[in-house]
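Next up: a single chain in structure tokens, the form predicted on its own.
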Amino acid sequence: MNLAIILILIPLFFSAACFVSGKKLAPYISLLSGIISIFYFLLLMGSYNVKDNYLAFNTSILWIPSLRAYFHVGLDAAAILPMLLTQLVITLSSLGTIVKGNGRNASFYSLIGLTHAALNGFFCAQNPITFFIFFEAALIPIYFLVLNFGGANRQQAVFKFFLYTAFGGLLMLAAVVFLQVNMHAYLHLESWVDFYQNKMAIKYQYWLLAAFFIAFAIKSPIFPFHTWQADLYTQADRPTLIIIAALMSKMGVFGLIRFNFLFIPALYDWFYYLILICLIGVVYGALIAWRQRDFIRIIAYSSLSHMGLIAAGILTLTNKGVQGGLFAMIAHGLGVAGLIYASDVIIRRTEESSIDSSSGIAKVNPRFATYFFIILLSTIGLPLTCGFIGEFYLIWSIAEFRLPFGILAALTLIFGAAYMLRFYQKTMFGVSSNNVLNFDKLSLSEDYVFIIIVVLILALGLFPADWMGLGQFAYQFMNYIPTK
């Protein structure tokens, strides 16, 4: 059944509707698109039994016959959590814009719809060609969103981001073309399984692995390919930033899951060094976050640290690493979306983005302080929140790989608690500063955004078993992996 492609067509249709609807209706049409996508995705999940059928709802079209290149999308166990996160975050991002004084026009919501469609296609892609198409397609609407709706220095920030990602994209394009040309003579090349069965010479695997790793490290970002991140985060419009931080950053680490298993022999030779690089990024990101005073920069470097941990766990090539990586994607996505939205609420009311400029918010708005606190607990990996489960599995997998590496990875819990609790204490407690004395009550749409995020954080933290099982099925799909 060709049902997965409808997940791409729904936001495309509503993107066009937003474009022609006008400024007043566009936010509601965008929200409707997200709600319909969530319900359609859940409807598919209700009829999907991953135990009997790993890959379902396929659409496969022979695109370039001479290269045996297929356009192929479908749902599998690895894609379910990132797809669920995508539907939730896009919907929350649209809902979050329905507030007083929203100056965004219809083209803003149209671009959000295009981003939504590209992300759905990316996570559903079932071969490298389709993967690359949507990997690049997601970049275009985000580029225009930042360029048209960002801050005063947005042009420099988005140009730097574009240069980085274009370089990564070119590396990936070269690698995908090489794969396609060199394998089409003896493999079918319709799905990932075809590519996983390659017998490529090790000398080619080294080059291809390097190309894909750099492309994914730029996209996530992972140290030392992160230097575009903080500037873009501070200049992007905050609903756009929620999509970048919660969803686009997952494209790189998800790519590691898809492509690692193409180059297992080369990876066994390199994974010690690659994991070490990722862990250096974990500590580096946390230390830099500790030095920041700006809300958004704290979140940016915190994400750098978390993405490094997820990548390191996935690179261990273990069941626990893949399970932890997939679960940590949804946990970090919800947590960082909540943090950015909470920062947006503070910045819109106080016109300040420094932790030294606003204090005592908990006294004037305790409900907001409660939401913020639960979200913050998840981002530092407290048990009974969804942030704990993924990080626990990731650190466990890294410790089994090398115990000193596990200790290094575990530092993220200590550093994360230090800089996030300082962020919270500075803004929520102490004597109320003048700019928070008239801190407005939360609007209905703001309450809804926070309630949905908090409920999901607690629900996934209390009942993670079934969702963790999806990661196990994703790993079992790759059970042809040769031993070291």
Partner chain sequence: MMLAFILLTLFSVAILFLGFIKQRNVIIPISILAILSAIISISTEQNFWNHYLMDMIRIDFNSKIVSLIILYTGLALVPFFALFQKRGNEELADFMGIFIFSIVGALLMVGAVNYMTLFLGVEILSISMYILAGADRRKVKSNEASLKYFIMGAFASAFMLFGIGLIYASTGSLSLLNIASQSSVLTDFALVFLFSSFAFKIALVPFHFWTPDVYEGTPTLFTAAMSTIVKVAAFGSFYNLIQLNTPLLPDWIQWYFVFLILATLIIGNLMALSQRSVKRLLAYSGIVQAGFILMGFLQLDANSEWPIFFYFIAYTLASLVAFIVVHFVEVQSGSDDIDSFAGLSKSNPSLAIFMTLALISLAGGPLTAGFIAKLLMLNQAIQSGFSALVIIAVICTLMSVYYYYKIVNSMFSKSGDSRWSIPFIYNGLLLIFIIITFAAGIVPTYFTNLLRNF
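Numbering follows the first chain given and starts at 1. All figures in this text were calculated on a predicted structure; none of them were measured in a lab.
The form predicted in complex with its partner chain is left out here; the points below concern that form.
Heavy atoms of every residue among L67, A174 and V177 are located within 4.5 Å of its partner chain in the predicted complex. Residue contact check for N148: one or more of its heavy atoms lie within 4.5 Å of its partner chain in the predicted complex. Using a 4.5 Å cutoff between non-hydrogen atoms, E136 counts as a contact of its partner chain in the predicted complex.
For the chain shown alone, I129 is a contact residue for its partner chain in the predicted complex, at least one non-hydrogen atom being within 4.5 angstroms.
Put simply, Q155 is close to its partner chain in the predicted complex: some heavy atom of it is within 4.5 Å. Comment: 139-147 is the region of 139-147, 302-310, 396-404, 356-364 lying near its partner chain in the predicted complex, near meaning a non-hydrogen atom within 4.5 Å. The single contact residue among I414, A166, I202, L287, judged by any heavy atom lying within 4.5 Å of its partner chain in the predicted complex, is A166. Scanning F373, F162, W228, F271 against its partner chain in the predicted complex with a 4.5 Å heavy atom cut-off leaves one residue, F162.
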